[in-house]
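Here's a solo chain for you in structure tokens, the form predicted on its own.
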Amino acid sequence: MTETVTPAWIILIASIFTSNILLANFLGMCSFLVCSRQIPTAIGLGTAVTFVMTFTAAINYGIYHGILVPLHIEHLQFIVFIAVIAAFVQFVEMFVERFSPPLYYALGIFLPLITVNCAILGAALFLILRNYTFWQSVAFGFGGGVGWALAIILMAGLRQKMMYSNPPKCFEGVAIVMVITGVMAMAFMGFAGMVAIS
């Protein structure tokens, strides 16, 4: 009996909705909580994360299967993946600083901290653990980034609306953000019947 190969477009849709890397796996929460106060900042960071996650997924796939596996040094994958992510984030940081200084200063320390965003490293590790092909890996990286961006932009919109509300003292600040994140995660579970990836 042959194993069915999941098409890349299904992995793309699933990684945005049903298996959202932030709302299903809770990876990348630090920058999500801090940079979701303003919509422009959330859009900028979400775009940067999507860009980095897509390209590092492709690069890490190539390095893993083209170098680490043939040389039987798969145990170095964590170090290699983090080095690739760090180098790529450095490139993105220089690009944003050059072409969008306001966004660069709005993101502040969280732009270089994309390097240690566990969602990006998690995506690289998931594609290896799940034995994805190259195109499946690219789809998963792009979908994971779009899903993360969607979550932070939605949260930024909600937080801007909450500026005009008066929540109870015990729910002010991070507490209400965590409650809303939980509700968003449950809402995204409603997509579970569409597609799923393992």
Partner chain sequence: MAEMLTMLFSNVYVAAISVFVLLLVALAAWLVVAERYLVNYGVCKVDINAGEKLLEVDGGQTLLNALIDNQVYIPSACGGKGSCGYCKVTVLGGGGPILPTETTYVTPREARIGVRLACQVKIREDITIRVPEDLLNVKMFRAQVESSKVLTYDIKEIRLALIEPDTIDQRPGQYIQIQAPSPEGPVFRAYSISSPSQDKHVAEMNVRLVPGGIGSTYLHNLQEGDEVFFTGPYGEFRLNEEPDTEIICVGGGCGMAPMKNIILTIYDRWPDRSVWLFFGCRSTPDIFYLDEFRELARKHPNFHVVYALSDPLKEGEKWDGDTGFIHLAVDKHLEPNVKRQAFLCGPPLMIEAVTRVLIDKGIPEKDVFYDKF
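Every value quoted in this text rests on a predicted model; they were computed, and no experiment measured them. Residue numbers count along the first chain shown, from 1.
The same protein has a further form, the form predicted together with its partner chain, not shown here; the description that follows concerns it.
- Only one listed stretch (66 to 74, 141 to 149, 26 to 34, 165 to 173) carries heavy atoms within 4.5 Å of its partner chain in the predicted bound form, and that stretch is 66 to 74.
- The single contact residue among L103, I128, L111, V80, judged by any heavy atom lying within 4.5 Å of its partner chain in the predicted bound form, is V80.
- Looking at C118, you'd find every heavy atom of it more than 4.5 angstroms from its partner chain in the predicted bound form.
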